[in-house]
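Just the one chain here, laid out as structure tokens, in the form predicted alone.
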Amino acid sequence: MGKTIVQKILSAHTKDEVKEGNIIWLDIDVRSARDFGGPNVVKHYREHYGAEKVDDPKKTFFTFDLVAPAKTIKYAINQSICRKFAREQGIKVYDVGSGIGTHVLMEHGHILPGNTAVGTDSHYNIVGAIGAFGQGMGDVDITFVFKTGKTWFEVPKTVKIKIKGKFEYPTTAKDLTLYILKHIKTDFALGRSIEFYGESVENLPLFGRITLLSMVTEMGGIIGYIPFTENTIEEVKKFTGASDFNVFYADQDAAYEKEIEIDVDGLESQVAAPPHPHNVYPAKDLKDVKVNMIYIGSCTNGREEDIESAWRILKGKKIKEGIVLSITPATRRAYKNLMEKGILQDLFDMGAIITNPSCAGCAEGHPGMTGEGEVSLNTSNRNFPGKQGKGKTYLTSPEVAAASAITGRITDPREVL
């Protein structure tokens, strides 16, 4: 019997038998901790291993992205704890201003296709977008990986989702993602690896793959994959700066626990209403919902292309008075490119708030928080009560967010194009 994509990657990193349900010892290529969780990793490490060296400093990183810059003395102290440990161990720190850790590690070529990577980030499985295996883990587990370079893992079953049909701009990868969530919710892929097939999904550019596969977490999945095309390989080479890496494809006779087909022909813009990411409706059906705050960014929709797409809709128009629009590029590279193109200048002149690369509006206490009775549109991935304040959060694409900034209510982009 053939192997699925996740089974092939795991097989390349263990001596154990990779079979569904088996517990294996997995070699980890990259391990990291962020400013949230990182201080506890340091604490556990000192308690259990003292001043002993980590397994491989060149494969070990700290990324400051969640509360960056620090908003309280407590967070500032936590970051300084990580910096001190990093200096002692010779570990690279991607400090405040670098951007979202998973994105940064991919951009700098630390995580490559075929690699295994773990960190203190619940959306670490986003690296499936470049054909790697990634998992978010607790600080105790990450401490162990820092010291040993290994972790145990249960080989997951794999489900297959076939996307049928085509859609056109301004419908984008985020709309596709939300529509998939509407159909599968969190039980179809719970604890599973997902493989997505079909022309519409396989033709997604890399930034669109990042959007879809970042939300495998919200689907309940372990990791998600889309088979590489030749275009994907070239994009990944440019994105990571690497030309030598392993790309894995599922065997023709690979076994899947379940298979479903989702028809997206003519798909329109979608919005996830609170309190769940799978509570999804066509944007046009929510046109009476007035908004107060709009956030474009996060690991899901903070790439250069996401923000540029929103800018194209906003260009030559005005942000409606009373709307607070915050925009956060995912990484320093994305920020620089947008700045050099003049896009950030245009958005600033329109009245948008531009913040430094980070998780920003996806993290409590930073741009995008709502007060009682307020409504936020957000291009991130979660909308449960309290996620971003006392108000309600709706999940949208950058295109819906931009159109809504013009009208002051949830708006299908076709209304303003």
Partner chain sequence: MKIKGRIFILKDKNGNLIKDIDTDQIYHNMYLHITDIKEMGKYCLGNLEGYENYSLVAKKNDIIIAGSNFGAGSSRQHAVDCFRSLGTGCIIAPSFGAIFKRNAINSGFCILECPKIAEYIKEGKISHGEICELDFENGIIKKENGEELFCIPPSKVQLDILKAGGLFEYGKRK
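Positions refer to the first chain, counted from 1. All values reported here derive from a predicted model rather than from experimental measurement.
Note that the form predicted in complex with the partner chain isn't included here; everything after this is about it.
Although the partner is absent here, L338 is not a contact residue: none of its heavy atoms lies within 4.5 angstroms of the partner chain in the predicted complex.
The shortest heavy atom separation between I260 and the partner chain in the predicted complex exceeds 4.5 Å. Among residues of the shown chain, K59 is not one whose heavy atoms approach the partner chain to within 4.5 Å in the predicted complex. Not displayed here, the partner chain is approached by G136 to within 4.5 Å at the level of heavy atoms in the predicted complex. Relative to the partner chain in the predicted complex, residues P39, N78 and T151 are all within 4.5 Å by at least one heavy atom.
Out of the listed residues T171, T331, S200, T143, T143 is the one that sits within 4.5 Å of the partner chain in the predicted complex by at least one heavy atom. Site annotation in the predicted complex: the residue of K74, K164, K317, R87 reaching within 4.5 Å of the partner chain with a heavy atom is K74. Heavy atoms within 4.5 Å of the partner chain in the predicted complex map, among the stretches 21-29, 6-14, 392-400, 405-413, onto 21-29 alone.
Residues are counted as partner-facing when one of their heavy atoms sits within 4.5 Å of the partner chain in the predicted complex; in 263-302 these are H276, H278, in sequence order.
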